[in-house]
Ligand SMILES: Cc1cc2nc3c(=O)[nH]c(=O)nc-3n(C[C@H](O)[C@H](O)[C@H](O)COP(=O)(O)OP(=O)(O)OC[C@H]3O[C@@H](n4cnc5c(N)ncnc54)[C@H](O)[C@@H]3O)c2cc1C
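The data below hold one chain only, encoded as structure tokens and taken in the form predicted alone.
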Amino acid sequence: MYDAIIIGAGPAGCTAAKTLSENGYKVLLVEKFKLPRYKSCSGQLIKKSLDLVREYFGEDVPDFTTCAPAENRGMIFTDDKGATFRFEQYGLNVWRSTFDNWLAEKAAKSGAEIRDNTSAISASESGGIVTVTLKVERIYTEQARYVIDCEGAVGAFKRKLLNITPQYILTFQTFSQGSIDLDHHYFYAFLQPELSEYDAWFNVKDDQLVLGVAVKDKSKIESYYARFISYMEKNYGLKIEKQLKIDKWIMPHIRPDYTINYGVGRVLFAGEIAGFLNPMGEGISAAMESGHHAAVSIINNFDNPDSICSDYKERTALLYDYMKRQWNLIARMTDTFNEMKV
């Protein structure tokens, strides 16, 4: 019997696991993939993320998790009319596989039990106990007083639990050798509707040029990507010498009502699966913050489950307002996101 089973060893799950285990709770953290697991992500840690790592994990992000250039100096947006906006802010450029694995190791050192290569299939609640069905090479069950679902956008566990079909944004990006006339220390977002159905982006990781587009209709990926590459060649001197890798991923489609799924019964949701996601896919800070607050709500209401979701909602109120302000900022920058104005 565990006090909590946490699904997903990303920033949300690792933060929740560490918070609970360091406070004396018996925690099982399950991860679908083998650790360290790959994650398609820009890997840009903004200042808020760095501050949360220091607060929740007790030290700064270690150098071995970073890639070149290690220092990220901010974001540069190009709006739908071609105007640019610079947001200068110190951050770090990390590989998510290494960074997330470091977070998982910190959770394990605090006492959390970790099982990778383990999928959470379903859950049922009875008599104050949640029975979670897990699968490795065989199907078996574990029991806990509470579950925190931190799966990320994929959300197979949540879909079965709530019988819902979420909306996704599809991302497509390539890693290439080559050159470009842009400062590698920045993350670039392009909001012109002719380049994507959401946004397009460029950044650099260990001298690899990362170029991507996000769409709602997967049949349009190749045409939007071709347009984006042509745009970057014409405006920034992009020259691709060799394509190294192609990435495809999904992220939640945040809607204007900003609906957050806090939980149902003894199951809470944190991070992207809950609906916490900032513009341009910045989900790391929101994941850590919501994962921490979900854990604290369990700690403070362990014997009063009826109060947990309302407590969790109250604790994440500032995070929710921050997320809406960020979307509002982007909406005022470009008509592409006009519906997100608040």
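Just count from 1 along the sequence shown to find any residue number. The structure presented is a predicted model; accordingly, all values stated were derived computationally and were not measured.
Another form exists, predicted together with this ligand; not displayed. Remarks below refer to it.
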property	result
One residue of 224, 77, 201, 186 in contact with this ligand, assessed in the model of the complex (non-hydrogen atom, 4.5 angstroms)	201
Single option in 26, 39, 315, 47 placed near this ligand in the model of the complex, where near means a heavy atom within 4.5 Å	39
This ligand in the model of the complex: contacted by all of 8, 151 and 250, heavy atom 4.5 Å	yes
This ligand contact in the model of the complex: residue 238, any heavy atom under 4.5 Å	no
Residue 289 within 4.5 Å of this ligand in the model of the complex, heavy atoms	no
Close approach of residue 284 to this ligand in the model of the complex, 4.5 Å, heavy atom	yes
Non-hydrogen atom contact residue 114 with this ligand in the model of the complex at 4.5 angstroms	no
Stretch in contact, per heavy atom within 4.5 angstroms of this ligand in the model of the complex, of 105 to 113, 81 to 89, 268 to 276, 160 to 168	268 to 276
In the model of the complex: members of 206 to 238 within 4.5 Å of this ligand, any heavy atom	none
